[in-house]
Structures are given as C-alpha cells and as structure tokens.
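Just the one chain here, laid out as structure tokens, in the form predicted alone.
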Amino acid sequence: MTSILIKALKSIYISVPSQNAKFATSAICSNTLSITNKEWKYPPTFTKPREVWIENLDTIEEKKLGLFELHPTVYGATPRIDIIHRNVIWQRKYRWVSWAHTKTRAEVRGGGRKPWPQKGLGKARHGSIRSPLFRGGGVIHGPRAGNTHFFMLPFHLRLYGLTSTLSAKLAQDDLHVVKDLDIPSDNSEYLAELILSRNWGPSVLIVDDTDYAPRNITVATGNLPHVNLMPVYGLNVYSMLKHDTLILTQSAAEKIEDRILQLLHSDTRKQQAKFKLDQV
C-alpha cells in the first residue's frame, strides 16, 4: 500500500510542472530575451555571477530586455558596515572647514596699561586686564578660523567601501540596470510617474558612463530635486547612501566593474606614493 502511494505522488509531481519551471522554459524559448554572458579578465573563483534584469526607460510600463551578469567581487561582496561608515566620515570631513575663531590676549581690545602697581597693594601682580585670567581676556588654545579636518582614507578602504555599498544596494533590490537613458519626453511628469510606478523610492541616483547625458533626461531631472544625474567617475559611497535607489546604465555597470577589478588585482603603490600625506 505504501509503495502504491509513493508511485502515485511521483506521477502527480511529474505530471504537474511548477510555476518556476514554466517561467524558466518560457524565458529560454523566448526570442526577445537575451542573456549576457561575460568573460572577465579576473573570473570569480568560488562564487557565481549575480544576474540582474536589464530594464527600459522608454515606456512607463516596465519591460525586461534581458539578463545581465555582474561580477560577485564587486556586486556580491559581504557588506562591511564599518568600512561604509569610515567612507562616510571621510567624505563629510574632507570638505569641512571650521570657521570658529577665538582671540588671544594680543587681539582682545583694551588692556594697554598695567592695572595696578607691581608692589605695595597686596594684590597679585598683573600686567594687563586682558590676560586669560581676567573675564573678557584672551583665550588660551582656543579654535582658530580656517581649521580643516581633511585626512586621506587608505586606498583599499575606498575600494571596499564602493564594493560594500554596491553589494548592499543590489541585495536590498535598490540597484537597477537600464539599457540606456533615452526617454521619449523631456517632461518631468513622465519621469516622476515612471519612478512612482516602479517603486524606485523618493530619491533616485542615475549613473551613466559619460558626463554627456541625453537632453530629454537632463531637462526632465532639472525640475526634480530628488532625482540626480552623475557620471561614472563621480560615483561615491555618500551619494549612493543618500539616495534610496541607484540606477546604472549597462555600460556604466561594466565600466565600474572593470575599473574596480583592475584596481583590486594590481599593485598601485607607486601611483599612490606621490599622493601620500604626512599625517603625523
């Protein structure tokens, strides 16, 4: 009786294919779907490539144009929250100049004469009422204007900050790859409706491989303060965290990948030597 039931269950499982099997079959048999398989100069060793959908921007309705492989070393790394935090602190401090200023006893107004004689009154000897011991006097070791908080983060931490942030964005489904930035209209309402229909969050960062973006998307993002355009060479950790969704063009994703892989597998000590600062 038990063997009969097992055979019946096996026949039911085989005769009724799952929904995922239907989707996989239709995706493979479809003529419009393309899967981009890449050959990297530094192929992954122990992990598989990450696959993302290539989306479109020419219609408000989302269309899947194909699958695109991403290198797991760049887009599938284990996010290091401590490295991301150090990158954020570095970016916030290297452009911070403190303008707080206090005056020394030489800069405070008044106090030109000796307040009382050196001897004879039983008082402590003083030469000026603008001494730091007096109220209204100068300040010892106070902040001086133009004090910078600039420091250089080590090069490998900047690289790992990029890989950690990109991997976290992809894992949280906040990273999308589009074919190009061509949209049919320069109206801001079109782009706002597209972002709303695809649930891309209140703020969007769009990255392309060049700083010459198409006219329509440049004009459309001009009236949307929560949507920003950026060339690939300006991509940084702070901007990625500041925006909820990161949109990369296919060419920008490839360029980021190639550049980071090249730097991770090359000796850059000679190139960095002339930029090293004595921070002691």
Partner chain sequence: MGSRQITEKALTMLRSLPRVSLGNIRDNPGYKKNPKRGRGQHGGDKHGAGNKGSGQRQNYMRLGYETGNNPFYLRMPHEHYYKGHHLRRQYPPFSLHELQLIIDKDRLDISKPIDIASIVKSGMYNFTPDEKHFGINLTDVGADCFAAKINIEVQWASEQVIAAIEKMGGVITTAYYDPHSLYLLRDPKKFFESGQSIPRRMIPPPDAIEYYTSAKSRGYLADPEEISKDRLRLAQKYGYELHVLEDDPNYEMLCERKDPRQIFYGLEPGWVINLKDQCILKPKDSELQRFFAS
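None of the values given here were measured: they were computed from a predicted structure. Numbering follows the first chain given and starts at 1. Between two forms, the rigid core is the largest collection of C-alphas that superpose within 1.5 Å.
Not pictured, yet referred to below: the form predicted together with the partner chain.
From the list 85-93, 142-150, 127-135, 112-120, the contact stretch for the partner chain in the predicted complex under a 4.5 Å heavy atom rule is 85-93. In the predicted complex, the partner chain sits within 4.5 Å of a heavy atom belonging to residue 238. The closest heavy atom approach of residue 51 to the partner chain in the predicted complex falls outside 4.5 Å.
At a distance threshold of 4.5 angstroms between non-hydrogen atoms, residue 77 is in contact with the partner chain in the predicted complex. Remark: residue 171 counts among the residues lining the partner chain in the predicted complex, judged by a heavy atom distance of 4.5 Å or less. Checking 64, 226, 38, 242 for any heavy atom within 4.5 Å of the partner chain in the predicted complex turns up a single hit: 242. Note on the partner interface in the predicted complex: the residue among 97, 100, 106, 81 having a heavy atom within 4.5 angstroms of the partner chain is 81.
Although the partner chain is not shown here, in the predicted complex the stretch 259-273 places heavy atoms of 267, 269, 270 within 4.5 Å of it, in sequence order. With a cut-off of 2 Å and the rigid core superposed, residue 270 has a Cα displacement that reaches or exceeds the cut-off between this form and the one not shown.
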